[in-house]
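In the form predicted on its own, a lone chain appears below as structure tokens.
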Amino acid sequence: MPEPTPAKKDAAKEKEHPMGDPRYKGIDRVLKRQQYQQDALIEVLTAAQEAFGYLTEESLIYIARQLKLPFSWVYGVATFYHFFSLKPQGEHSAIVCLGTACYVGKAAEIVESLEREFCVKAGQTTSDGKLTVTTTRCLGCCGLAPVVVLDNNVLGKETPETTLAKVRQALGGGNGGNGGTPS
């Protein structure tokens, strides 16, 4: 195969992002659109999470530098908001609300049943990367308590049995777990 001409090599380098990963281009678009304003941090973090699936340490450092913010500030915001994740997430997610109405409606039993069935602790992902189980304090759907958000679909009036059935279905049958070893 012929060697690329120097002009083609230069054009390829122009398209490559300085960080070496084209996913940063989406982050750069948001930064530019927001004129590198520090108060756009949450929007930029959202773009980074959409690009990578979670917030990598490198992306947090990059964002901090671009917005001229201390890394500790960016990290603090990323860890404060439940929406952001610093770890890779599973193909599917089950978020169980543990707000007062849901907790009274036995949401803790839903969490326990998911942990037992899929061999994963809340806040973790199965070792096969198929399912992430998390909890949150309130989803604001108290009239539907207990509530589970499965792959961005709000499910109300759930029980451990109905939740397990729906998660199994989402995973395509089987237990979807990781062979009995929590990750």
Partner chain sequence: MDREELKALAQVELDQQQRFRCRILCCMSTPCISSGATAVFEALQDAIKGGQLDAEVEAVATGCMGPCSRGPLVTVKTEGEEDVIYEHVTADLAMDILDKHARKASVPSLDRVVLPRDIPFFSKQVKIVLADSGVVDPERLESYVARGGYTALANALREMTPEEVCEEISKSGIRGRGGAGYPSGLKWHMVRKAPGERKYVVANGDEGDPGAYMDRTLMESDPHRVLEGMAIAGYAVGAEQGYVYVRGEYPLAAKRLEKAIRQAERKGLLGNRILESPFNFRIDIRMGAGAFVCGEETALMQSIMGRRGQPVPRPPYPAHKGLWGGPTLINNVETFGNIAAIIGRGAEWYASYGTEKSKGTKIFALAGKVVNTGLIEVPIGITLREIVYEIGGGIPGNKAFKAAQTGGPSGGCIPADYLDVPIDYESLARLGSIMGSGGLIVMDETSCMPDVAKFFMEFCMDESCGKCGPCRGGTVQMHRILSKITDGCATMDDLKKLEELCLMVKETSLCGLGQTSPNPIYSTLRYFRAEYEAHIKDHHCPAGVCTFPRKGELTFNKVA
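Numbering follows the first chain given and starts at 1. Note that this is a predicted model, so its numbers are computed, not measured. Think of the rigid core as the biggest set of C-alphas that the two forms share within 1.5 Å after superposition.
Beyond what is shown, the protein has a form predicted together with the partner chain; the following relates to that form.
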| query | finding |
| --- | --- |
| Residue contact check: residue 123 to the partner chain in the model of the complex, 4.5 Å heavy atom | no |
| 4.5 Å heavy atom contact, residue 87 and the partner chain in the model of the complex | no |
| is_contact(residue 139, the partner chain) in the model of the complex, heavy atom dist at most 4.5 Å | yes |
| The partner chain contact in the model of the complex: residue 34, any heavy atom under 4.5 Å | yes |
| Residues 77, 81 and 157 all lining the partner chain in the model of the complex, heavy atom within 4.5 Å | yes |
| Residues within 4.5 Å of the partner chain in the model of the complex, restricted to 83-106 and counted by heavy atom | 83, 84, 98, 99, 100, 101, 103, 104, 106 |
| Large Cα move at residue 71 between the shown form and the other one, threshold 2 Å, rigid core | yes |
